[in-house]
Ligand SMILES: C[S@@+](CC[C@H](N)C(=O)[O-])C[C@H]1O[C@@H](n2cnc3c(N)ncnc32)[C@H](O)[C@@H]1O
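Next comes just one chain, in C-alpha cells: the form predicted on its own.
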C-alpha cells in the first residue's frame, strides 16, 4: 500500500483564505440572514410536568432557530445537532396511516438557500466543542458539503458516513442499486466532544485472531512492530541488532520492545522477524468506521416504529448521540419528524430541543412520548374469516426501552394551533 507525506503545493492562485462558495440565484448575505427577526412562540396547554429541561416546538424551524438564537441558555450551548432535512426529492410524504406528513418539493437553488439559512443558525447555536450531523441522500450531498465547508470550515469536516439503508434493489437495469444514504459530520472547532465508538466482535471478525498461544490458549493476531516514516531517535535505531525496514521506524523504543518480549508478547518467525501479539481477550472490539452496515430502515414486521415517513432507526441515533455528547449535554434536532433523536437523547440522559412544522410530526412525537412505538405489523389491517377488520396480534402499542417522556414543555408558533384526536395529546 502506498504511503505519502503531506506537503503544501506552491500556490498559483491567491485565495486570501477565502473558502470555496456556491453561487446560485437567491443567495442572501449571511449577515442579513442572521439578522432575521426571532419567531414568536407560546406555551401550549399540553405541556407535561415540570417542563424545565426539554423543549418541543411546533413551527417553522427557521423561526425556531431565530428564537433560540436570542436565548442565552441555548445560543452557543448546543453540544450536538442532528438533522434529517428534506432531500429535494420532489415528493409528498404520508404516514403509514396515509396522513399528510410533509412536502419535499424544493427546486435546487431554493433548497440550497433553505439549507444555508438553517445551517448558519445551527453554527451559531453550537457550543465551541459541539458537532453537527446532517443526513442526506446522494442528490444534494455534494452541494450541501460545500455549504458546510463554507459555514463550519473545511478543516472541521470529520466524516462523510455511508449508511446502508436497505437490502439490495432489483431495479439495476441501467444503474447500480441504490442502497445507501449519507451523513455529513462536522465539528465547530478542532476541539470537540468525541466518545470513541467500538463495535463488538462478531465471530466473523474474531477469525482474524487465528493463532492460539501454547500454554494459555489465548487467541491472538500478529501485527508489525514498525510503522511508516523515518525517525532519527531511538525508534529509528537498532533493536536486537536489526534496523527497521527501509522508510520505516519501530513503533516502540528498544527498551519497550524488550519489555514486551520478556512478557511473551513478541512472536518471532522462523526467519527471525518480530511481530507483536494482539490478544482477542484484551480488545473489546473494532473502532467504528465511516461505513455503517447495521442500521437498515425498518422492514421486519416485528420492529417497533411510529409509522412516520423517513423515520430513522433508533439505534442509529443512539450511536450518534452517545459518540458526540455526554450526559447533561444539550441535543438539538430541528427536523424532528418522529422524534427518534429526542428519544435517544432522553434515554442517554441528555437534554433536548426538538422542532417540526408538520402537525403530523408533532402528533406522532406526542403520541410516542406517551405510548412508545408500535410494531410495524400493527399498521397492517387483516380481514378475519367473518370479514371484520382487525389489527395483527399485539394490538397494544409496545413501549421500546421505556421511551415514555414526561419532562418537556411544548411551544407553538404564533398563528398555529395544535389539534389532535382525543387521547393523542
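Positions refer to the first chain, counted from 1. This is a predicted model, so every value here is computed, not measured.
Missing here is the form predicted together with this ligand; even so, the following discussion is about that form.
Remark: of stretches 329 to 337, 203 to 211, 217 to 225, 282 to 290, the one touching this ligand in the predicted complex is 329 to 337 (heavy atom within 4.5 Å). Mapping the unseen interface onto this chain, residue 39 falls outside it, with no heavy atom inside 4.5 Å of this ligand in the predicted complex. Residue contact check for residue 59: one or more of its heavy atoms lie within 4.5 Å of this ligand in the predicted complex. Among residues of the shown chain, residue 85 is one whose heavy atoms approach this ligand to within 4.5 Å in the predicted complex.
None of the heavy atoms of residue 295 is located within 4.5 Å of this ligand in the predicted complex. Out of the listed residues 277, 118, 163, 249, 118 is the one that sits within 4.5 Å of this ligand in the predicted complex by at least one heavy atom.
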